[in-house]
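Just the one chain here, laid out as structure tokens, in the form predicted alone.
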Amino acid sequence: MSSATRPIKPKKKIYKRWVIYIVLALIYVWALSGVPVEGFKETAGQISKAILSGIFSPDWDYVYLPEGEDLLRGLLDTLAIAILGTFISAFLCIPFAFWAANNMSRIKANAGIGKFFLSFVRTFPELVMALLFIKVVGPGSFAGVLALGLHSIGMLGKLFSEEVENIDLGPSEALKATGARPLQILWFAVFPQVLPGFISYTLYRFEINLRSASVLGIIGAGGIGTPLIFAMQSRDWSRVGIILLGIIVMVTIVDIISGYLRKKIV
């Protein structure tokens, strides 16, 4: 291509781009200038060395302890919290998903109220909900299950409602013309279309809940997070290393299985 036919970028676009870069750089400088930098402690190097040596030389004896809590029991507890929280939310969010779907109601205000409710529910993070449920039911796995279940209702409800809005209304209209009841239309025309998407979103949400369940134990909501925070407080870095290694292995295996199932379903 010759220089005569080569497109020339307007100077205004180049100037505009540089102005954006400069403004972003100034925003970063302004934001970082407010961060207090007091320097490192005198023992920072020693502590960092102890942390790294403990993480890279994990306590393998903690994997299984016949007399008490160990890594396997903590991971199993975390997995159970994630499964129950996801299972509860996947069923409870279905009516809210149809409530928030625009094509399931003749009055748009009803769908708007449903969308607002789902947005309100998912506003609160799992940690905040876990703290609230700990005050209600006490510390333990039950509080973690309730926190994950309630928060996931808002997240899955939003995804499910979008799946319902993308269905083909032709089968529903055909059944309605034959005199089918609303429940029959839902069962034979709507659910077959949305079920693969529902299962896929549920599996994806389970992956997220598994990571969240690993953290909830830090505040007393059960799971592997409880022995993790105890090991960190006692500076038992070798135990911290084996717990982190167990979390990595569990999350990786679940991600592989979930991804395989979602590909088969969708």
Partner chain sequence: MNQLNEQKLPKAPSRIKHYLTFILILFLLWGSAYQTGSTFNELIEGFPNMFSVLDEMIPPNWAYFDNIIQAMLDTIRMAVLGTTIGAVIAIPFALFSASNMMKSTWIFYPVRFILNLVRTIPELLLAAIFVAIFGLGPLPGIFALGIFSTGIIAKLTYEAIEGIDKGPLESMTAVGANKIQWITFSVVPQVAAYYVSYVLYSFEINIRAAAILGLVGAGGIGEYYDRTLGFLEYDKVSTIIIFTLVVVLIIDYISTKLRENLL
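Heads up, when I say rigid core I mean the largest set of C-alphas that superpose within 1.5 Å between the two forms. Only a predicted model underlies this, so the values are computations on that prediction, with no experimental measurement involved. Residue numbers count along the first chain shown, from 1.
Keep in mind that the form predicted together with its partner chain is missing from the display, and what follows is about it.
- In the predicted bound form, its partner chain lies farther than 4.5 Å from every heavy atom of Ile242.
- Contact annotation: Gly34 falls within 4.5 Å of its partner chain in the predicted bound form, judged by heavy atom distances.
- Although the partner is absent here, Val251 lies within 4.5 Å of its partner chain in the predicted bound form, judged by heavy atoms.
- In the predicted bound form, its partner chain sits beyond 4.5 Å of every heavy atom of Tyr64.
- For a residue to qualify, one of its non-hydrogen atoms must sit within 4.5 Å of its partner chain in the predicted bound form; none of Lys108, Ala111 and Ile167 qualifies.
- Along 66-100, these residues reach a heavy atom to within 4.5 Å of its partner chain in the predicted bound form: Arg73, Leu76, Asp77, Ala80, Ile81, Ile83, Leu84, Phe87.
- Comparing the forms between this form and the one not shown, the C-alpha position of Trp30 differs by 2 angstroms or more, with the core used for superposition.
- The Cα shift for Ile253 between this form and the one not shown, taken after rigid core superposition, is smaller than 2 angstroms.
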